[in-house]
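What follows is one chain in structure tokens, specifically the form predicted on its own.
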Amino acid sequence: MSAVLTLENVSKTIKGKKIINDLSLSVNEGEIFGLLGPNGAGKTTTIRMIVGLMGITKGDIIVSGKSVNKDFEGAVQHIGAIVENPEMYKHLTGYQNLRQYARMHKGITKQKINEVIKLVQLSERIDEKVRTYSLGMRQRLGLAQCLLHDPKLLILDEPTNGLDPAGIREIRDHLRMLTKEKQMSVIVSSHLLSEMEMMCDRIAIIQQGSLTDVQQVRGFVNDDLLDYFIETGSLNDAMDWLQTDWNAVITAQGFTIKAKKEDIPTLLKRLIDSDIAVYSANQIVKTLEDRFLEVTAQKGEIE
């Protein structure tokens, strides 16, 4: 799978302070890639360097084979972006806003504008003034604006900020549709772990300007060792070997362990052979938040 975006040892220093530290990652064609980290971690600074709103102190950024350092115009022509909130002319209609933006690019036809309006499902309200739009509708209009010139890479900085659950789901569905139908790559920056889990294919965890980890979301949430809760009757003498052999944490209703899925039948058989009543065995499903806190704690980023 070809990379639409590559960051090569990118650093940013402001007033002697290193904000971004030697960041390297790539985003593949047709994937939704998440930049995950707390506020102040460096997500927006990274995005600003990608789109050219901020200079690169060290390293390079490659967009569709074009270097931001050496061929800025060639690189950014492949990018559509909303950094923070989409800004519109509120006294104009949605359609008039899109016409104004279309003047900045060659070859954008009325047909293309209408196609994008339909794509983001704004046809019924596009001729109304933007000041009457909800935040979710303004986000969709901003998305339409980004899509007019058919970018290969769409960048959205905190796209669900301020949206209600219905608006968040709309944005998520639109992004999935774009990657599927247009083979567009999408970068989403957020500190909302639950949304990243439902939206992204891969995530990069950024802490204090450094890359902590890049993983598939599914693999990140479900690693090789899984957490299980085994509900049992009285453990009696089994408590000794459970704690020694399995690092079990004993509770009033049974115990929890970390183990591979294929090891569970062996454990259950030994419990039954030891005359321990086994009532249930359930995997404890981890969220992205659980794994995020584990990884950052392991890296020494949080106390």
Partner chain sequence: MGKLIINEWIKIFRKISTSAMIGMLLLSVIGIGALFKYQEETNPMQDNPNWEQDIEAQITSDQENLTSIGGNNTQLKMHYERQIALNQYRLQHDIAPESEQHIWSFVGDAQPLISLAGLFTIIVAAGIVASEFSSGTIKLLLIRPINRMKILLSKYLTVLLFGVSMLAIIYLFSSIVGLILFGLPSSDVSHLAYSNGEVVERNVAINLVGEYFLSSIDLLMIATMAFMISSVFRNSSFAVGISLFLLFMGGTATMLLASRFEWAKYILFANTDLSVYFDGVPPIDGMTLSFSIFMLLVYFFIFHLFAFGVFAKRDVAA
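What we label the rigid core is the largest C-alpha set whose atoms superpose within 1.5 Å from one form to the other. What you see is a predicted model, and the numbers here were worked out from it, not measured in a lab. Positions refer to the first chain, counted from 1.
Note that the form predicted together with its partner chain isn't included here; everything after this is about it.
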query: Contact label in the predicted bound form: residue 225 to its partner chain, heavy atom within 4.5 Å; finding: no
query: Residue 30 within 4.5 Å of its partner chain in the predicted bound form, heavy atoms; finding: no
query: Non-hydrogen atom contact residue 112 with its partner chain in the predicted bound form at 4.5 angstroms; finding: no
query: Exercise: residue 145 in contact with its partner chain in the predicted bound form, heavy atom 4.5 Å; finding: yes
query: All of 237, 250 and 272 within 4.5 Å of its partner chain in the predicted bound form, heavy atom check; finding: no
query: One stretch from 167-175, 205-213, 145-153, 112-120 that, in the predicted bound form, holds residues within 4.5 Å of its partner chain by heavy atom; finding: 145-153
query: Heavy atom within 4.5 Å of its partner chain in the predicted bound form - residue from 163, 130, 193, 76; finding: 76
query: Heavy atom within 4.5 Å of its partner chain in the predicted bound form - residue from 126, 83, 137, 217; finding: 83
query: Contact set, 25-58 vs its partner chain in the predicted bound form - heavy atom within 4.5 angstroms; finding: 48, 51, 52, 53, 54, 55
query: CA of residue 72, rigid core aligned, shift of 2 Å or more between this form and the one not shown; finding: no
query: Core-superposed comparison between this form and the one not shown, residue 93 Cα displacement 2 Å or beyond; finding: yes
